[in-house]
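Shown next are two forms of a single protein chain, provided one at a time as structure tokens under the names structure 1 and structure 2.
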Structure 1
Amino acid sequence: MAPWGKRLAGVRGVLLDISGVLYDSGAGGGTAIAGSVEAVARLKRSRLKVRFCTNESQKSRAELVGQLRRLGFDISEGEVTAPAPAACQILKERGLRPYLLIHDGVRSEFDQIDTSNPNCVVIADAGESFSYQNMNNAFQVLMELEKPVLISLGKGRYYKETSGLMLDVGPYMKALEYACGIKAEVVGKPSPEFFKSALQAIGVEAHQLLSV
């Protein structure tokens, strides 16, 4: 492998994950990971383009950015690529009206979306909102469609909180896939389209990118 200096020579942009890279989520807004506040500040002073790319789907970008700013990060909403706004764009482009199986914290991202008479399901890391009732509602919506469309904000298996491991959206996506005999469309990492939209936002090509 080439030495770091050489490998970094062509780098023009940096894509930073948020949870587990900048901070650990948890009670009271979470805690910044040691050195990360200063690292972001230094990157922003450098010649590199910086973009934040997250699969966070329990919070709106506004809430997430507010939390990070309180922890000392130099970050604004416009610098964040997140699955909820990406999903909204897809919904609008395709005339889809979702049944939303999501956390209340991210609902504001869907304010402009028509959810009447649903013709698809959007599933995100809904936490306690993954009740049997809500899952069954989503299932029934899908089963009544001729071509069921299930959009999943990420497909993570689980994540870590200070209180222990927590089920992420992926297992619930799999549950609905199996129940309906369908395949979900994943919006968020590791979907190539999602990475591409983050790159486009900073005008950087994939081979010029460093991803953390």
Structure 2
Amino acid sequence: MAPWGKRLAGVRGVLLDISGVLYDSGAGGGTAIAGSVEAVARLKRSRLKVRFCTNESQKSRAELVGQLRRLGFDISEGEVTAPAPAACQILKERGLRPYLLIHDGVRSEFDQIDTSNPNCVVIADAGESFSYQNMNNAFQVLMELEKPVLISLGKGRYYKETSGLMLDVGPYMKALEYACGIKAEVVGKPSPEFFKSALQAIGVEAHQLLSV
């Protein structure tokens, strides 16, 4: 059996990252990485179950899927596991009211979340919203809580756009951890629970998975 044949033996599902794997984000909607549209199409024609797993936190799933479809990808919103919806579920289950330090593009994912009198902070890749004032507001919310809760949508150091490398949420998350003497709860990659939710969505066990 060929090396790839051995590797794929017993594989029933594939988890695909999006940014930097399928496309590079940037002005005008970004660009598809060479061969990625065709690769996704071939996977979907195969016997394998496919799930898209992303730490994208500047766009809602609807906006992200619309952008990918315009680039030629066959993908639906229901096939995407993203950190914002997962964070919303946690907030509801634990009765948490967040101060949102997030990008305006993903704010719609939190429309059903109570943000009055915050008792936690949710931080994401906020882009230009990572101002001193907004960071300090988040810091003050956390410092006023007896048991501060900081939820971060991922912890990446940087990511690639067509214009070059960009700072991700991780450095800002670390700044709040250091200033407040706390540890953030990461929702998104590389959290094991995040990957488990993606596997549950396609009904595949970890040992039956190929992740790209």
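This structure is a prediction, so every number in the text was calculated from the model and none was measured. By rigid core we mean the largest C-alpha set that fits within 1.5 Å across both forms. Start at 1 and count along the sequence of structure 1; that gives the residue numbers used here.
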item	value
Panel number for the form predicted in complex with another copy of the chain	1
Flag for residue 181, CA shift 2 Å or larger between structures 1 and 2 after aligning core	no
Residue 164 C-alpha relocation of at least 2 Å between structures 1 and 2, rigid core basis	yes
